[in-house]
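Before any questions on how it binds or moves, here is one chain, the form predicted on its own, in structure tokens.
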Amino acid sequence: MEQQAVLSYDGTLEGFLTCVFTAYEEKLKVVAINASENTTQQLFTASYEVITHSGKAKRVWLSLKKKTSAAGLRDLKWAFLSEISQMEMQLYRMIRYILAENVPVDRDFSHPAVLKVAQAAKKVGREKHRMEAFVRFRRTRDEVYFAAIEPDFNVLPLIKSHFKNRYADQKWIIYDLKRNFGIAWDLAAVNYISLDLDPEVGISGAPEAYFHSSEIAFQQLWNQYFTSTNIKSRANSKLHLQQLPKRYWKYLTEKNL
């Protein structure tokens, strides 16, 4: 009987693509692919710890590019960032389907894995656009504009280009408190960083120990402008909640003063 295999990797996209390469190379019957911290031993399966190999990952990606549309490749990358449980297996099944067929199938939503991946990518895309709209920077004492976020999905890699292009003339940091890493623009490049943040920094407000003395004044000024331009008689709370779900209010100055 063919032995089943559980693969573990380092949680990166490159690591996952190395898993795909290994599965083909070793002719494995893969039943699970897990990030290392989630790995548990299972009965009647062989466990493989896959070491990320950039060359193997690149070969898989190049093979996919030959048989997949731009939208299909985007869905694969964005669904991976969803961090949804067992999404790796859906991605693996979709990749096997794409590579096995002689015609493009990455938009064949009758295939369960293609549909699952597209649905996950759509959720990530929606989160990406909302983070681009709702991130609010605060001016620190070091003249760096800082924003803390807690997105449902790992969208930092997807929003860095947006903020780099929009705020190219000032240093900024966007930090994901949930995943404890951030992106920092130093006027030359966007780098990934990890910080030991004081919880007092928070998502909103401006504690004097960390933020510029003018920051709270700017927040109050913005709140006054928002209040003065808001026409209460024309308020539509139902539409407001549809366009701006409550879980995003914590990022908005006008909702926190």
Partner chain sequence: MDYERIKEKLSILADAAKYDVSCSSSGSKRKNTTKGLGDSSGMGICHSYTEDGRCVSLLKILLTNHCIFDCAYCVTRKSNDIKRAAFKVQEVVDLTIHFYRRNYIEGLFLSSGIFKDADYTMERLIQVAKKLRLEENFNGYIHLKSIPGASDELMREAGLYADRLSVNIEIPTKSGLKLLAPDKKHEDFIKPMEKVKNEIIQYKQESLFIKSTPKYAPAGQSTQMIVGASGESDRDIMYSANFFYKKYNMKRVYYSGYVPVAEDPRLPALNSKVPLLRENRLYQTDWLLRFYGFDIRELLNEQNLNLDLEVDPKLSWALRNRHLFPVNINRVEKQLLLRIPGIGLKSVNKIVQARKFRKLNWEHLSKIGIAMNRAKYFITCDSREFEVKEPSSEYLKNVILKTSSGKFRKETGTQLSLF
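In this text, all values refer to a predicted model and were calculated from it rather than measured experimentally. Positions refer to the first chain, counted from 1. In this text, rigid core is short for the largest set of C-alphas that superpose within 1.5 Å between two forms.
Just so it is clear, the following notes concern the form predicted in complex with the partner chain, a form of the same protein that is not shown.
is_contact(Lys160, the partner chain) in the predicted complex, heavy atom dist at most 4.5 Å
Result no; Lys160 lies far from the partner chain in the predicted complex.
Residue contact check: Ser85 to the partner chain in the predicted complex, 4.5 Å heavy atom
Flag for Ser85 set to no.
Determine whether any heavy atom of Leu115 comes within 4.5 Å of a heavy atom of the partner chain in the predicted complex, and answer yes or no.
Yes, Leu115 is a contact residue.
Might Val105 be said to contact the partner chain in the predicted complex, defining contact as any heavy atom within 4.5 Å?
Because a heavy atom of Val105 falls inside 4.5 Å of the partner chain in the predicted complex, the answer is yes.
Of the residues Arg136, Lys123, Lys77, Arg93, which one places a heavy atom within 4.5 Å of the partner chain in the predicted complex?
Exactly one listed residue reaches within 4.5 Å, namely Arg136.
If the criterion is a non-hydrogen atom within 4.5 angstroms, does every one of Gln170, Leu221 and Ala235 touch the partner chain in the predicted complex?
Yes, the whole candidate spot contacts the partner chain.
In the predicted complex, which of the stretches 26-34, 191-199, 208-216, 57-65 has residues with heavy atoms within 4.5 Å of the partner chain?
Among the candidates, contact is made by 208-216.
Verify the C-alpha shift of Asn236 between this form and the one not shown: is it 2 Å or more after superposing the core?
Yes, the C-alpha position differs by at least 2 Å between this form and the one not shown.
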